[in-house]
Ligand SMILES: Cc1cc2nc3c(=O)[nH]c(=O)nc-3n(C[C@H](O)[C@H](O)[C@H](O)COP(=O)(O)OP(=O)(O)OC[C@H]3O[C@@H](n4cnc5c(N)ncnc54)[C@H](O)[C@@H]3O)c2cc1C
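Okay, so here's just one chain, in structure tokens, the form predicted alone.
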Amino acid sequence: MAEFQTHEHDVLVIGAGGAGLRAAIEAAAGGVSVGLVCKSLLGKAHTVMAEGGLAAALANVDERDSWKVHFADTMRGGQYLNNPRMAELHAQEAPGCVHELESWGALFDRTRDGRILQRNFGGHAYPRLAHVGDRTGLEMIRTLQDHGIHQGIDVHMECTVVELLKDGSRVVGALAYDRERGRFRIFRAKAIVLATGGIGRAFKITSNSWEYTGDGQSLAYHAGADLMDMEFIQFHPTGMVWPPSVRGILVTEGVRGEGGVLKNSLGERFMFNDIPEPYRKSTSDTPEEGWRYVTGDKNARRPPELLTRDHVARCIRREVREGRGSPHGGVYLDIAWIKERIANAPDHIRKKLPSMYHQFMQLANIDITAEPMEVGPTTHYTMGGVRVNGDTQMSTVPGLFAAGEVAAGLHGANRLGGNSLSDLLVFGKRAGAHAAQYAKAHGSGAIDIHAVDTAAQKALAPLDRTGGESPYQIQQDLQEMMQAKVGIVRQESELQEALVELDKLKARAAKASAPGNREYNPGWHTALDLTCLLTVSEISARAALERKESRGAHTRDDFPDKVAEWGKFNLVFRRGTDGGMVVERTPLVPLRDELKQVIEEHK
């Protein structure tokens, strides 16, 4: 072990986005030493791409809002596969987390009387998203970092964890490497918090940044933890589709929340053609109907553009497949039309959506204040992840916690927009607090040097191979296959083909080579990412094949209906003793009678 640089912390947090920073801050407040490992630079977390706002029932814009309505909305959006305890805690604690963030220096947009302004978002009954223009995630990260640097947290940047280390059943550390120099590091820890985000880079078209390769899910799975709900992958309905170099980059739901409407190539506002229960079709199909809603008229109906993301994404896909799409394979998102209703509309748009204005102007030479945007679905979020205890966020492996997108439970079959940012705060805080408590109650475990050596040699193997295939080509083929066969709409034959292709890709990855040294070798980094990408891709494909119904973000062409029997359990995957994947149908966490009443009251 002398050849490895060793760090020792009571709590190790892997990931420095919103959940990781909030967990590290809370663990440090618990009086333990904290280490924070991030794959990229501090401040580069994917949380900055969350633009629309964070959901919390502050009731600043509509006094009818409450944690109970938020809870009911979250459960309905998740098709009732959510962990109800997590949905309850989230709805109750999100407002306090927003005020806490504000007390640390976050600058939110304001109502005329000085309260935090909230906007409409898909699936939410009332205006609920506290926001900073369309740069809310950036403001969150800035605030958490500014507060966190004073807490005595040791930060290890550009460092990637390749394996969790165990002593018996509990985790006691992690093996990582410095991405710049390629040198291994051992992190000893009494408790570990995973906050590594999602799996979007397994797909060709994604809003996710390069770090999102399923590291946390894969690390937890190979350490023996349960993964859950991995069939539920959210395709955000609005990503850029042109030019090709920026395809998939997110176009915030805030555009629709501020009055943007979706139209096909015929100029039709097509979302009115398919409004599901329990929503009712409006008596008017004009943009004014939606505009009255977003400007605060409580008697106006919900605009169909703000239905849940899975539904909007499928409607856009239908328009494109039936020949009513835009020239580059999307549809039109129009916010410029509001000039018919308000004075100085361009200034209003630039004020409310500054990032979107600059994004389209700089990347596509489109002025969104004057012309519509071309948008289409993009892989955005995974509802599944590490199965955790609803109160403590500890996984099924002792000492291993998870928070944020890497954890499953809160969102069920589909996440409501804005719930991700409040999720990071509520459960990052809880994970950090309980990890600190665990660290205080348990001593340091023993690290098996043979396990460390084995993991290190496995990681170095691509450097030693000659004549092997490029890991970049394997990753590209994986992304194209997942996009085509495990995408927005699935069917059995394609999912079976996907599993066959995944076996071939695993065989190719086992022979991939990254010639050169450890230093400054991105090919080697990609080869190591493939282990994680292939693991989460296989679990997602197997889960999608297993769930023979359509529910939330999981749609099957061959099983188009939602089936009551499939709504009684979650699909849980774990690694078997023989190394194979074991899947079981785990009954849902029981819903307490008082929570049933809340749902019934706010249906």
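Numbering starts at 1 and runs along the sequence shown. Computed from a predicted model, the values in this text were never measured in an experiment.
We do not show the form predicted together with the ligand, though everything after this point is about it.
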{"query": "Non-hydrogen atom within 4.5 Å of the ligand in the model of the complex for each of C159, S207 and S420", "finding": "yes"}
{"query": "The ligand contact in the model of the complex: T47, any heavy atom under 4.5 Å", "finding": "yes"}
{"query": "L12 within 4.5 Å of the ligand in the model of the complex, heavy atoms", "finding": "no"}
{"query": "Distance check, A16 to the ligand in the model of the complex, heavy atom within 4.5 Å", "finding": "yes"}
{"query": "Contact label in the model of the complex: E26 to the ligand, heavy atom within 4.5 Å", "finding": "no"}
{"query": "Region of this chain that lies against the ligand in the model of the complex, out of 262-270, 77-85, 493-501, 208-216 [heavy atom, 4.5 Å]", "finding": "208-216"}
{"query": "Listed residue (H380, R387, K190, H434) with a non-hydrogen atom within 4.5 angstroms of the ligand in the model of the complex", "finding": "H380"}
{"query": "Proximity to the ligand in the model of the complex, single hit among G404, G412, G173, P237 (heavy atom within 4.5 Å)", "finding": "G404"}
{"query": "Residues within stretch 75-106 having a non-hydrogen atom within 4.5 Å of the ligand in the model of the complex", "finding": "none"}
